[in-house]
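Next up: just one chain, as structure tokens, the form predicted on its own.
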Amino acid sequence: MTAPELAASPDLGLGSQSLLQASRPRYSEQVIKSVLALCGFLSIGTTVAIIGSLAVPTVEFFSEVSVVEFFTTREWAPLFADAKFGVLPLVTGTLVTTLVALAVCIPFGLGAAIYLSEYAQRRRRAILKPLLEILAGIPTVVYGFFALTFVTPLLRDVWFLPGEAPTVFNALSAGLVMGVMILPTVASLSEDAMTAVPQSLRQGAYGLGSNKMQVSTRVVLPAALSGIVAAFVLAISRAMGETMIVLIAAGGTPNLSLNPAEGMQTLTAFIAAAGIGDQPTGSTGYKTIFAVGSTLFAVTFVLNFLSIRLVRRFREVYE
């Protein structure tokens, strides 16, 4: 008996009808699956396109400049007649501003997440979390001018540490403001991870006589560690890829120094400054932009790879 005959048969039971409907092809589901697969392939294709756009000029650049010179020498002046191609000052500036930003966003962001998840009442959480996330919507150029016109003069007025006060352009003010900018990322993602921890773990800890702080730091925090680590790594990637704040507040002078009170240039700041310059297309100075971009891309890729390994490791432990 064919499918139409089965459908028209009066003796066909309810279970047989359900089985018949389940055996029919569901074209709407196939369309949805195709659209979702297309979205996945689009993101992968975008990444491949980015790598392709960076690869060719980068290879051409390293055919003219030694890789050893690029990663070991300490002078960076690729756009001048007596060109120097040591990228270490840019890497140092990027690391210094990123570390300053992490010193702000990690403790304050994690503290805000613990408060929102474990201490704040539901109504208060519904008000505070959107207000915190407003910081993520402020344009970065506004943060940059805020760092230059408010934070830097404030640091110069209240400076009490050994050594000279921060210069007009310095990595400290840029890093501090950048830490405030990415603080909502750490707080929001960490709070989501902590909220997802089963209530049974909390109730078991309370049943054993633990107080609120012990439950928060010794039970909930370790159980949500995979999501918290992912938030930290995302914050690091966001800090390393920030452009406008460091371009405006940290200055444009390559400086191989670990003193955040001095002016520095980061990888992204150089790309932004050189990209709008007058370098002829195809020149070595022009290809330098792609070599620096590839360096930043490689560092970000390594960080994301390590974060995936860490997240999987902790997720296996606490599931």
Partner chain sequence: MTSPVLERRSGADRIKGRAFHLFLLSCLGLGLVCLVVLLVQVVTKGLPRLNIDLFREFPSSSPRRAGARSAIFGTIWVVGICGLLVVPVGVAAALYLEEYADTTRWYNRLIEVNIQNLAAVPSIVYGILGLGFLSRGPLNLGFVVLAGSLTLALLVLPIVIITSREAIRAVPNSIRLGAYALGATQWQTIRRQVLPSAVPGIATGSILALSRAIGEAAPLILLGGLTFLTFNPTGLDSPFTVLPIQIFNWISRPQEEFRVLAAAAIVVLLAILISMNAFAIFVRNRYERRW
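Positions refer to the first chain, counted from 1. Owing to the predicted nature of the structure, the values given are computational and were not obtained by experimental measurement. Heads up, when I say rigid core I mean the largest set of C-alphas that superpose within 1.5 Å between the two forms.
Unshown form predicted together with its partner chain; subsequent notes refer to it.
*Out of 110-118, 86-94, 68-76, 158-166, where are the residues with a heavy atom within 4.5 Å of its partner chain in the model of the complex?*
The contacting stretch is 110-118.
*its partner chain in the model of the complex: within 4.5 Å of a heavy atom of each of Leu128, Ile248 and Phe297?*
Contact check passed for all of Leu128, Ile248 and Phe297.
*According to a 4.5 angstroms non-hydrogen atom cut-off, is Tyr143 in contact with its partner chain in the model of the complex?*
Tyr143 belongs to the contact set for its partner chain.
*Hey, in the model of the complex, does Leu135 get a heavy atom within 4.5 angstroms of its partner chain?*
Result yes; Leu135 sits at the interface with its partner chain in the model of the complex.
*Taking heavy atoms only, is Ala196 within 4.5 angstroms of its partner chain in the model of the complex?*
Looking in the model of the complex, residue contacts with its partner chain do not include Ala196, since no heavy atom lies within 4.5 Å.
*Touches its partner chain in the model of the complex: Ser63 (any heavy atom, 4.5 Å)*: Close contact is absent here: in the model of the complex, Ser63 is far from its partner chain, nothing within 4.5 Å, heavy atoms only.
*asked:* Given a 4.5 Å distance limit between heavy atoms, list every residue of 48-83 close to its partner chain in the model of the complex, or none if there are none.
replied: Result: Ala49, Ile50, Ser53, Leu54.
*Large Cα shift (2 Å or above) at Ser307 between this form and the one not shown, core-fitted*: Yes; Ser307 is a residue whose C-alpha shifts (by 2 Å or more) between this form and the one not shown when the cores are overlaid.
*Shorter or longer C-alpha distance for Leu36 and Thr195 in the model of the complex, given it differs from this form by 3 Å or more?*
Farther is correct, given that in the model of the complex the C-alpha spacing of Leu36 to Thr195 is increased by at least 3 Å.
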